[in-house]
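What follows is a single chain, given as structure tokens, in the form predicted alone.
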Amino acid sequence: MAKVVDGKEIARQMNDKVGNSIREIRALVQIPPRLVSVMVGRSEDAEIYINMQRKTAESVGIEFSVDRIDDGITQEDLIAHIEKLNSDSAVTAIIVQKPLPGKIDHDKIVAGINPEKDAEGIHPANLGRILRREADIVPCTPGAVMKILKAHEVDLYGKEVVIVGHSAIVGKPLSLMMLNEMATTTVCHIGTFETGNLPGHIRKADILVVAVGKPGIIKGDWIGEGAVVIDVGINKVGDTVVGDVDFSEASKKAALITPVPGGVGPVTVSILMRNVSRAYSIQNKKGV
């Protein structure tokens, strides 16, 4: 049976370090770090995530506030609101909650954030810095995956890493981060699935990362013996939350596996806070 990752414990250790870092900087400057969450309209899932952010932020010494905006706002006015936050020296970092109304282009809104205030690490400039191995502020979920692997001393050098899902904020940046660690990296997507090639790729994986958003899409008998399985998926099925991997079957073959919930999720929030801490450090060194 696989060892089950305790994401909450990894997050707790990270939060302790982030809190210590913030206290060190706070002792030298007048303005505390502040994370502003921009929420357009209403979303039950976003409210849950915001509450998690608030609780964790306050525990590490980050002030947290929510700018609640009517869903009738235009894209131009939302960009103008972001620009106001960019120019506010009391604002350390900004996160724009999803989902946004269909008329608003999320990518354009994110591109309007000052890269040094990009709490999620998904501004084009920050994504580009991953390619150059210069990233201080990283996408939260890929950062969480890498942190979990590091916490469990998983050697990536030359290993077969298979990532299922090629989104711009998880699969693609994570593939670059894996390549930076000299892993042999394969990214699978809908084309891989529809041509029937997905199981074959997964069976070869030393490390499997799944970020699709389809409950149980990865079958347990696809997992190779002794593989490391990182399940990023969060899916609500009835009253329960499950991942993208058939956990009960996969855990019989894997050496290490993340549960859902309690695996990647808590660490993702802690990476968000680490990004805010790093932004706080960068801005105070530069006087932004």
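We number the residues from 1 along the sequence you see. None of these values were measured; they are calculated from a predicted model.
There is another form of the same protein, the form predicted in complex with nicotinamide-adenine-dinucleotide (NAD); it is not shown, and what comes next is about it.
Trainee: How about Thr141 - does it come within 4.5 Å of nicotinamide-adenine-dinucleotide (NAD) in the predicted complex, if we only consider non-hydrogen atoms?
Mentor: Within the cut-off, so yes.
Trainee: Mark Asn275 yes when one of its heavy atoms lies within 4.5 Å of a heavy atom of nicotinamide-adenine-dinucleotide (NAD) in the predicted complex, and no otherwise.
Mentor: Asn275: no contact with nicotinamide-adenine-dinucleotide (NAD) in the predicted complex.
Trainee: Taking the shortest heavy atom distance, is Ile190 within 4.5 Å of nicotinamide-adenine-dinucleotide (NAD) in the predicted complex?
Mentor: Close contact exists here: in the predicted complex, Ile190 approaches nicotinamide-adenine-dinucleotide (NAD) to within 4.5 Å, heavy atoms only.
Trainee: In the predicted complex, does Pro173 have a heavy atom within 4.5 Å of nicotinamide-adenine-dinucleotide (NAD)?
Mentor: Pro173: no, not in contact with nicotinamide-adenine-dinucleotide (NAD) in the predicted complex.
Trainee: So which stretch, 177 to 185, 191 to 199, 80 to 88, 153 to 161, is the one near nicotinamide-adenine-dinucleotide (NAD) in the predicted complex (non-hydrogen atoms, 4.5 Å)?
Mentor: One stretch meets the cut-off, namely 191 to 199.
Trainee: Tell me, out of Ile95, Ala211, Ile207, Leu149, which residue has a non-hydrogen atom within 4.5 angstroms of nicotinamide-adenine-dinucleotide (NAD) in the predicted complex.
Mentor: Result of the distance check: Ala211.
Trainee: Of the options Ile104, Ala111, Ile169, Ile130, which one has a non-hydrogen atom that comes within 4.5 Å of nicotinamide-adenine-dinucleotide (NAD) in the predicted complex?
Mentor: In short, Ile169.
Trainee: Considering only 213 to 236, what residues come within 4.5 Å of nicotinamide-adenine-dinucleotide (NAD) in the predicted complex, judged by heavy atoms?
Mentor: Heavy-atom contacts to nicotinamide-adenine-dinucleotide (NAD) in the predicted complex: Gly213, Lys214, Ile217, Val232, Gly233, Ile234, Asn235.
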